[in-house]
Each structure stands twice: as structure tokens, then as C-alpha cells.
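In the form predicted alone, a lone chain appears below as C-alpha cells.
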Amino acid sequence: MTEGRALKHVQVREYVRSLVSGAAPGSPAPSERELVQRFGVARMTVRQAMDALVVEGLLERIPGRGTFVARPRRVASRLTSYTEEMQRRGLLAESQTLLARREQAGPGVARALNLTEGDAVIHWRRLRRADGIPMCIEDAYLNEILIPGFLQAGMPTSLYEALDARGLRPTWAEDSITADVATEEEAGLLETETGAAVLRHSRRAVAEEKVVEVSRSVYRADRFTMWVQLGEEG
């Protein structure tokens, strides 16, 4: 992505944000055609800007009708860190840092963090244990601009506690979970067999409309059950 296009994408996104912020849920957003004509950019650039606002929860797309101001998000339960989740299950959480360094964001990470490809991110890879037994491998990617000095301060026990101390604890997230089998490298770290069943969990965590964390975790399926609370408010 070129710098010029990245700036145009941000310009379009912030223009739309200014138009719809405070508008009633269900109010129509400007059409892609309007924005293409107004800014003189490619439709793909406009789509990227609108996609970012949909992911943030400011806009929602209704198939066959268009894009509208979204209804407020409902949070079913408080987001918990791995450490908190293991404590809730009565297990002792431990972490071993496998890698912690500054990297350039690849296309997927950049898109998820609302950055430009090549921007600086922090990549923190950990082996997570529960009662001494390997539970998962987690790769977390963090926006370096939001957490200056993070690597120099020494790696914390809990990422969410460290983000909380900076006023950036995630308040909502988008998760995806898929079933898969362990690679040879993953099996070695998780102390299981190559080809054993695993759960792949991806998360995009947001604090006050800032994407603060993108993570990809691989869990041993024989050790971990994903628990989700669902339902409507009464």
C-alpha cells in the first residue's frame, strides 16, 4: 500500500466518522459512490475505509439495503486474559516468552490493527501453561505507537493487566475459532503428537475504538474447552 493511498483511506474514514458520530442508529451512511466522487479515489480505498468503521462497530451493513449507523454493541461478559481465565477454572497460569521483538506489520496484521503495511508492531510469542502442562501457543501483535517503551519495561505476567495500567484494557473483541491439527513445531511446544487436534483462536481486541491487540492462539483440544456466554439482556 502506498503512503498516498493510506492517507486517502484515513481521510475518507475520518470524514465518514465525523458525519455519522452521534447520529441515530439506523441512519444511512454516505454511499461508496458519493465518497468515490467526493475524494477522487478508487472504490477499493473507500471500501477499506468503510470496512474499518464496520469493524469498529460504528457502522453496520444490511444485505440488500446498504450501510447504516450501527446499534450500540452489547457485551455479554467481561473480556478476560489468559491468566484470569485459568484462575476462573481453578488452574495455575504460567507463561514462557518465546519471542518479543519489534517487527514490521505484514498485510494481515496491518489491516487488523488499522495500520499501514510496514508500520512498527510488537510481536510477543508465548507458550502458555496451566498447572505446568502446555495449554496453548499465543502470538500477540500490538500497535507500538499506543504502548511506547513496552519492550524496554520488561515483559509483564499478564498483557491485559499491562494494558489496563496504560488505560488501554480491551472492552470488546472479535474472536474466531476454528478446528485444525497441530504442525510439527506446534506439537513439539505443546507436548502432543503432530496432527493432534487443536483449536485456533484469533482475536482483535479494542479499547475505546482503538485496536490494541491482534492475537492468534493454538490450544490443545484435549486440554481446553472454549466457553462463551450468549443471550439477550432482559
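When you see a residue number, it is the position in the sequence shown, counting from 1. Here, rigid core means the biggest group of C-alpha atoms that superpose within 1.5 Å across both forms. Everything quoted here is computed from the prediction, not taken from an experiment.
Not pictured, yet referred to below: the form predicted in complex with the DNA.
- Out of the listed residues Met44, Ala173, Ala187, Val181, Met44 is the one that sits within 4.5 Å of the DNA in the predicted bound form by at least one heavy atom.
- For the options Gly167, Gly26, Gly195, Gly66, the one in contact with the DNA in the predicted bound form, meaning a heavy atom within 4.5 Å, is Gly66.
- Each of Glu32, Gly40 and Ile62 places at least one heavy atom within 4.5 Å of the DNA in the predicted bound form.
- Looking at 47-55, 187-195, 173-181, 203-211, the stretch with residues near the DNA in the predicted bound form, meaning non-hydrogen atoms within 4.5 angstroms, turns out to be 47-55.
- For Arg220, no non-hydrogen atom is located within 4.5 Å of the DNA in the predicted bound form, even though that partner is not displayed.
- Contact check for Val228: no non-hydrogen atom falls within 4.5 Å of the DNA in the predicted bound form.
- With the core held fixed, Ile62 shows a CA shift of 2 Å or greater between the shown form and the other one.
- A movement of the C-alpha atom of Asp51 reaching 2 angstroms or beyond is seen between the shown form and the other one when the two forms are aligned on their rigid core.
- A displacement of less than 2 angstroms separates the C-alpha positions of Arg223 between the shown form and the other one, with the rigid core held in common.
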